[in-house]
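Next up: a single chain in structure tokens, the form predicted on its own.
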């Protein structure tokens, strides 16, 4: 008997009072989740925490134990309230040090931008034993320590850091998906969805209802790491819907 393929998982900690206050709308959760799926890794949990060291430490300790990888976004900038590095170092039980390569990168970047001052030098601080994640956007690198990744809060900078990590992480098979749209109330087909998912153990079916043009409908998103199983589940759900008199729109409505 062969053991099932390992499902690699990740947690994400979104750090910042500005997210919790609503002043800034987070965009990193979606882009991290999407990127992870391409790497064959599932984003399993997200925590949004304030700029409070104890809360960050608590979240890091919990999610490090729970998942294969842990990502953080936010709080690695030049100001006094950018405390992610200090909090992560405290959680790991290591000191904060100036990374020589990070310092050199920042010196080059700021050479024609007023020079490297004390605030900017803060962006060269890392938990001892860390590596750097390249950042083509603003010079200040992200930080990697084992399976823990500290990234910027600014979405386009985070995107660049994720791009630099593409293909660098061990993961499983990428998650595939197929969408079926139908003008039907999801409550009318809830049992069909349950039965179809139960009959296809390697697939998950998500139901996303909507109201348009004075009518109710839903898009059903089927996900699996197996293209063959995905097609089988999709065909089964299509047959079930059409058999009950509901026309199906491949790709969604």
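Values in this document were obtained by computation on a predicted structure and should not be read as measured data. Residue numbers count along the first chain shown, from 1.
Same protein, other form: the form predicted together with another copy of the chain, not shown, and the subject of what follows.
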### Message
Which is the contacting stretch out of 159-167, 125-133, 178-186, 140-148, given heavy atoms within 4.5 Å of another copy of the chain in the predicted complex?
### Response
178-186
### Query
Can you check whether residue 120 is within 4.5 Å of another copy of the chain in the predicted complex, heavy atom basis?
yes
### Task
Examine residue 78 and determine whether its closest non-hydrogen atom to another copy of the chain in the predicted complex is within 4.5 angstroms.
yes
### Query
With the partner left out of view, is residue 45 within 4.5 angstroms of another copy of the chain in the predicted complex by any non-hydrogen atom?
yes
#### Entry: Contact label in the predicted complex: residue 19 to another copy of the chain, heavy atom within 4.5 Å
yes
### Message
Is it true that 191, 197 and 205, all three, sit within 4.5 Å of another copy of the chain in the predicted complex, judged by heavy atoms?
### Response
yes
### Query
Between the options 54, 227, 33, 201, which residue brings a heavy atom to within 4.5 Å of another copy of the chain in the predicted complex?
33
### Query
What residues in 90-104 sit within 4.5 Å of another copy of the chain in the predicted complex, counting heavy atoms only?
none
